[in-house]
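Quick heads-up: it's one chain on its own, the form predicted on its own, in structure tokens.
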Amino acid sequence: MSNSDVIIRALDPTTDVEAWTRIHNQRQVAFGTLRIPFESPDFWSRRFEADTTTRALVAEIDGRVVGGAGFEVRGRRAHHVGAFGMGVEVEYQGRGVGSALLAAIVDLADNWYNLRRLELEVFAENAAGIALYRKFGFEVEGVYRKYAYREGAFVDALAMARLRDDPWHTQHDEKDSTHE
């Protein structure tokens, strides 16, 4: 399977909520995210209806939804910042689904929202997730000690971000430096 086998599209709240719930209720998926397992489809339906700022994407293979991501622009003084979270069905992890979702998020951030900063939190022991984010240019900015409670213990998370230069300022800075 390659990224070309993965279709990324907008979540349809009328048809995709069951799949979204199934994925995010998998213990291993919940373990790697800030979600808690055992959420109902009704919980997710209400959340999607109430949240008008998050763009929800799903990854589909052969007509089956196998992953999802939520992406939002922070707004106010941080209108140049986006954040996201994602989850991939256990049996499809390590098969390019996360890369396809993240490529779509980076495309939205860069080419549609013109964001300069894309950020996330990831559990410190999530080596596969950290490797994926590094592949897309994310860097560790810090450690959130005892950030979340999971399976009976507090665990650390990393703050990661991908910064993108502002080409307008870069061009003008270069022109200004030539006149010195």
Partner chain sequence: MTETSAISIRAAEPEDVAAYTRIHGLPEVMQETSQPPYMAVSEQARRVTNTPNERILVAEWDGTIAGFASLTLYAGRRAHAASFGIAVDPEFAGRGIGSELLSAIIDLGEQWYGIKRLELKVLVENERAIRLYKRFGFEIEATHRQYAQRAGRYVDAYTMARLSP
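Small disclaimer: the values here were computed from a predicted structure and weren't measured. Residue numbers count along the first chain shown, from 1.
Below, we turn to the form predicted together with its partner chain, even though it does not appear here.
Picking from 43 to 51, 63 to 71, 139 to 147, 124 to 132 the stretch near its partner chain in the predicted bound form, with a 4.5 Å limit on heavy atoms, gives 139 to 147. Residues R9, A104 and A109 are none of them found to lie within 4.5 Å of its partner chain in the predicted bound form, as judged by heavy atom distances.
Among residues of the shown chain, A159 is one whose heavy atoms approach its partner chain to within 4.5 Å in the predicted bound form. In the predicted bound form, F31 approaches its partner chain with a heavy atom inside 4.5 Å. Not displayed here, its partner chain is kept clear of R95 by more than 4.5 Å at the level of heavy atoms in the predicted bound form. Of the heavy atoms in F38, none are within 4.5 Å of its partner chain in the predicted bound form. In the predicted bound form, R74, R76, R77, A78, H79, H80, V81 are the residues of 74 to 110 with at least one heavy atom within 4.5 Å of its partner chain, listed from first to last.
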